[in-house]
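There is one chain below, alone, in structure tokens, taken in the form predicted alone.
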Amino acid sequence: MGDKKNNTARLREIKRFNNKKYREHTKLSRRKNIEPSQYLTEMKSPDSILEIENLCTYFYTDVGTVKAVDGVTFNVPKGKTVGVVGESGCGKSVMSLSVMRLLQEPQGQIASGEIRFRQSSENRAVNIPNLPLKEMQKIRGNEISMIFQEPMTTLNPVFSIGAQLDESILLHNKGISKKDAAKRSIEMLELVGIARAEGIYKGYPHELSGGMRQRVVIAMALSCNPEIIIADEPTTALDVTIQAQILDLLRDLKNKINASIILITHDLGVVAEMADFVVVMYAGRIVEQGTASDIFHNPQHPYTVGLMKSRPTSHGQQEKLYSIPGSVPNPTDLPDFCYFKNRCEFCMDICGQKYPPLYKLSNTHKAACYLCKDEKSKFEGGVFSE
């Protein structure tokens, strides 16, 4: 009986806390006449087009606060591809939705941190969480675009392919005629390798295969020549041949328009082929980051090592694939110590004390593990350097 009362009191306290957060967020989102000084900022690295610093994105639910992204820091250099990897539920997609300001509000909120974006068209840098919605709508789909995970849910089944492609072009190109928008849409369909583009333009999503729909989504994301492309699992549920075509397409298009890519996936093979830099996430935090060579040839965090061991190999003799033992901790009740402690075969006494900081292993390589403590010094930032 006492446990039931305690649980009821706890749920009431959570509800009061959530309501407070909802009211604060609603008040902020309804602000008018926001001065530019509140969202204009400066980039810390001259080579970066996007800098994410200490980003915390929380979901205020009925059972507690889910810390989906908890203190993530990294940057995206101009013209480079940054791969973000980790198990399902580690916060990869929530991080990308935070950049696009597409969180389900007011339950999901950017609690703290900065997302600095260099706007080449305006010759300025802005802090995305502080941007008014009207200003964010000018960036979203225009300067930062996203290839969503499932094309069938991205595309509206009741509108033609052409109507959905034209919408983005007409929205972000004032003064363009519908005829010119249609011409641009057909050109984009041809650019992504779709044969019979004019016929597909008039068709509907359900008439296309999975690979064709994914190409349409990519064409939609690239229709306004964005500075950054966020690709969230762009090859999920596609067969191997189509996956290779999609990756080749993304690589070629990135080079053509000199765009940067944030590639979100749990497929290490895709990351090895595409990424210049790699960020490994676990339970909402970065556990290791560096160049693709650093991560694949010299992984330092036990979680990264486990991910590498779980890959199938063509020359291996193992009877079954390796899997990391245990499970991810409850996101509403994360411990103060290392989140990977109870799954780690290299666990030490110090791992049960304070959460480890990122330690610098080289100019580009960092890992959040006490195994790296004795050899290298603590690293406070999260910026890649060439």
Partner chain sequence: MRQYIFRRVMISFIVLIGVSILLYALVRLMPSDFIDMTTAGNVKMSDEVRESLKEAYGLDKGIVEGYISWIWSALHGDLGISFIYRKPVTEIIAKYAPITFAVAFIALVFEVLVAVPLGIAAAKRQYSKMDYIIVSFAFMGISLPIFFFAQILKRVFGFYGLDILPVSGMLTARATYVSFTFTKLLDYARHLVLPISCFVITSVGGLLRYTRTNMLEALNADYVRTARAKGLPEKKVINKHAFRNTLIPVVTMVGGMLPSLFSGAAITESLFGLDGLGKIALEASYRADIPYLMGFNMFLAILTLAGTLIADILYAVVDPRVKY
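Small disclaimer: the values here were computed from a predicted structure and weren't measured. Residue numbers count along the first chain shown, from 1.
There is another form of the same protein, the form predicted in complex with its partner chain; it is not shown, and what comes next is about it.
*Asks:* Among Glu150, Thr154 and Pro157, does every residue place a heavy atom within 4.5 Å of its partner chain in the predicted bound form?
*Replies:* Checked in the predicted bound form: all three residues contact its partner chain.
*Asks:* Only one of 293 to 301, 135 to 143, 184 to 192, 247 to 255 has heavy atoms within 4.5 Å of its partner chain in the predicted bound form; I'd like to know which.
*Replies:* Among the candidates, contact is made by 135 to 143.
*Asks:* Does Tyr204 make contact with its partner chain in the predicted bound form, using a 4.5 Å heavy atom cut-off?
*Replies:* Yes.
*Asks:* Would Arg30 sit within 4.5 Å of its partner chain in the predicted bound form, counting heavy atoms only?
*Replies:* Although its partner chain is absent here, Arg30 would touch it in the predicted bound form, with heavy atoms inside 4.5 Å.
*Asks:* Residue-level question: is Asn173 within 4.5 Å of its partner chain in the predicted bound form, judged on heavy atoms?
*Replies:* Asn173: no, not in contact with its partner chain in the predicted bound form.
*Asks:* Does Gln104 make contact with its partner chain in the predicted bound form, using a 4.5 Å heavy atom cut-off?
*Replies:* It does: once its partner chain is placed as it appears in the predicted bound form, Gln104 has a heavy atom within 4.5 Å of it.
*Asks:* Using heavy atoms only and a 4.5 Å cut-off, determine which of Ala197, Ala111, Met100, Leu268 is in contact with its partner chain in the predicted bound form.
*Replies:* Contact residue from the list: Met100.
*Asks:* Just give me the single entry in Glu233, Glu87, Glu273, Glu167 that has a non-hydrogen atom within 4.5 angstroms of its partner chain in the predicted bound form.
*Replies:* Checked against the cut-off, the match is Glu167.
*Asks:* For the stretch 210 to 232, which residues lie within 4.5 Å of its partner chain in the predicted bound form by non-hydrogen atom distance?
*Replies:* Heavy-atom contacts within 4.5 Å come from Met220 alone.
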